[in-house]
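What follows are structure tokens for two forms of the same protein chain, given separately as structure 1 and structure 2.
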Structure 1
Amino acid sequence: MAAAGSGHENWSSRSAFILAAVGSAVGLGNMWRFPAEAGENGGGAFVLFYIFCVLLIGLPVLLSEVLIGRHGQANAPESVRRVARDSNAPEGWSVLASMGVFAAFLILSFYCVVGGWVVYYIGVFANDLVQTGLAGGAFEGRAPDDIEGLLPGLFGNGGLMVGLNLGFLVVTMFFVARGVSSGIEWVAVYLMPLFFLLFLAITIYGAFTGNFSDAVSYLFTFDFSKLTGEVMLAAVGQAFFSLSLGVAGMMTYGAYANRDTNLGETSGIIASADTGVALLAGLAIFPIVFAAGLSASAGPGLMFQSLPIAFQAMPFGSLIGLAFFVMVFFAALTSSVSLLEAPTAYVFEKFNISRSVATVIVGAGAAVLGVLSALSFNDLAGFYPLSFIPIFAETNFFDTLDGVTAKLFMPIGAILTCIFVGWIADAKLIDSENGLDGLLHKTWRALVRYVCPIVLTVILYVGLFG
């Protein structure tokens, strides 16, 4: 069912909207980046400050983006334009959403590369399950160095990297091309519950077979001596990026929300679910890692290298490893669908073409950049596209796209969103959309107007010059 005057479909229900938005936020940022960041930044101190930052920064910006989309009932730039028009403000503020759409496109191109790694590990564990049987540990008879070398081995195979990346992208395109109700909502309504069931099962498995007490102590013992400036900045960045803010996805999904949806309450549920998944990811991964005697501070290699080694010593290791990476695949897919939907909605509405054609156009562009990103680990390892800029002097194509979006586009877009909602848009219009009242409304407005822009500006500065 299309929203009046917008050409948009609507979510079939409030629960579908919540599941889709949670699926957009819950992805590799929670399953891969959060445990890695917590491990590298001292555990409990990072976790406490991360939760604080979700409330202080993530939730206010999330609500700001969703209400813009719901009011505009269009693609993200057009939604901002409509809010500006209804507020008698310059329509040029739509640039904040245009930056988000472009950032989503860039992120999609390298996100699918990492999605391809997940598919690779699904295949590895499925093959191992066939070879070793159900009850034993994973990779029986193989040395830890051999297991750890699986990821570098994948990186060295350019053809396989490109194929996995394109395969993951094609699956994403399939669901986006089907539209809101038949594609995007289907992914959310069916895959997110399966994700949570697998997630809960693996967390329980870790609690009974791993070192759960040490994991709980590590994540929730708050040693404030470890709360350094570096740790605080890492927590702020993780809180911001894990909610998929600054990439126009929440504006786009907000445009499909019905008028009777309370956005304040819904945004709170989305932020809570996203944070809960991040914390559970730590409780699922660290017990298994600690039980195997491995380090929590393995960084990005924690999920793709340390965890497979840990599964070797665990009962039903191959089965649990397979289930774990299937679960991560579901999370990655719901997020990649959101990343593709933002630019696709813009293209098919802006140029008045069909959704399927727009999906192919955007997907083809992402495929080109994705191939370059996939080859950054092998054939194009020495190619540094922005070597003339000091902070990108020695970063390959993959890392450059990651850096440009994370350090530049996303924080600038979020800062502009806060300024627009807090200072430019008509206050009565904003008040009618946000679903808040009383002290909650006053607190949210103060955060959006003062706290969020200042903190995000610090993130921007540190990212570029720190």
Structure 2
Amino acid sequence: MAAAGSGHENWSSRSAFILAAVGSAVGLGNMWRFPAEAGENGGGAFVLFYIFCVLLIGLPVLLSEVLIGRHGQANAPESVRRVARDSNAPEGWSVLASMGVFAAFLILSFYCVVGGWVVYYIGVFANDLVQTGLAGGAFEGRAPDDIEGLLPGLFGNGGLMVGLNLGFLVVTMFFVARGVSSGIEWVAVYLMPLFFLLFLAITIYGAFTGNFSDAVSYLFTFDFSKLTGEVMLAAVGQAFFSLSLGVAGMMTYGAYANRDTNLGETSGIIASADTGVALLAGLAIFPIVFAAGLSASAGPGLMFQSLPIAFQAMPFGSLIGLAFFVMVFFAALTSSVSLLEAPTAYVFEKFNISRSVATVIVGAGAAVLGVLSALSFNDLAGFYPLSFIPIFAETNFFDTLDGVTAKLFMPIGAILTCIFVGWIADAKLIDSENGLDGLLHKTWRALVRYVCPIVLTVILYVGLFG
């Protein structure tokens, strides 16, 4: 264990690092946000642009972030400061990571609200399984409206929403307080393999029982007329959210990586695993939704409302529903742990306090914001905190945090990271960390120096003002 504030822990192995980073990347973003965003933004055009964003922007930024962390071996702002110092560059660049740490904290607060919904559905399906037994579909004899009404029913119950949110947050805090190897790594090493097992089973099940071909053509038919500025910004925001970028999360995890880990290769594995899970999640969810004759553009309701209705018609529906939400819970927990770790590492190293105390301080802050998010579905429904900004004119507290972090903090954080790594930091230092050579190295460098900052700035501008 590290001493209060000063010591530094490392992952116990390269595979532990990969599992933890994949655990951070794979989460509600893949299972809940990706299908919702794809469905709301017209399917194929969004998906294609999303893949483009992952390859040309997400992957180079991911490598840049873990590289900064590994060189710095400290919390994200301190790591940037160390890279700047070793490059004789202004240490003020650390602000890019301070913004990131703050954004991670904001995301954590509303992420745990959705984590709470997942816990609620675990309860609903477990109860249903006990009531109706294994064989039949879920929710026997209940009307679809009734099943769809479960989520608004939960939203209407402010006390339950807050309780579930805080419960999810406290579980996250428990693992972060235990530290890198016995907490964060433990969750990843045990839960991620379980996640993949359940995920595979459900995807195969969905492919055989659902309307697979409609889902494939929906997700992979590209209609370029649908590729508007807003769709592009949504795709870039989703790529960043899904890969945990622009918010210091991957810098923080990179800081626990050993010197002999090849970061280029590792980043490739993380990005492939995350994108694979997102696409497969679409291929697992949409066939089930189409087979039940439901709409693809149900947005955030897709996973929580359409899918449970679809489970009704399926053999072993309650068991599949339960397995599905347990799987999502595992994915969400390994992500929320990384969201809490980024600000916690900053607080305990900066103020030289113990990890546990820092966890409680950050967790308490997230709890306050989380309560406001949870209540924005009921008591605070009419509260639009950024109503003076046109794109947030009618967005409640929860959606405002989601929008501000994915559409502003993440792209801006990434632009600054690219400029820092591509132009400011010492090229030799960067080259010695990235694990790339030859053409791959040249390509990565060109992407970080030119393509990413320019494309991101254009997309940001068009998405906000175009």
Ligand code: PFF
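Computed from a prediction, not measured in an experiment: that's the story for all the values here. Rigid core (definition): largest C-alpha set, two forms, superposition within 1.5 Å. Numbering for residues begins at 1 and runs along the sequence of structure 1.
Between the two renderings of this chain, the form predicted together with this ligand is found in structure 2; structure 1 comes from elsewhere. Relative to the superposed rigid core, residue 145 undergoes a CA displacement smaller than 2 Å between structure 1 and structure 2. Core-superposed comparison between structure 1 and structure 2: the Cα of residue 216 travels 2 Å or more.
In this overlay on the rigid core, residue 49 has a C-alpha that sits 2 Å or more away from its partner position between structure 1 and structure 2. Here the rigid core is superposed, and residue 235 then shows its C-alpha moved by 3.0 angstrom between structure 1 and structure 2.
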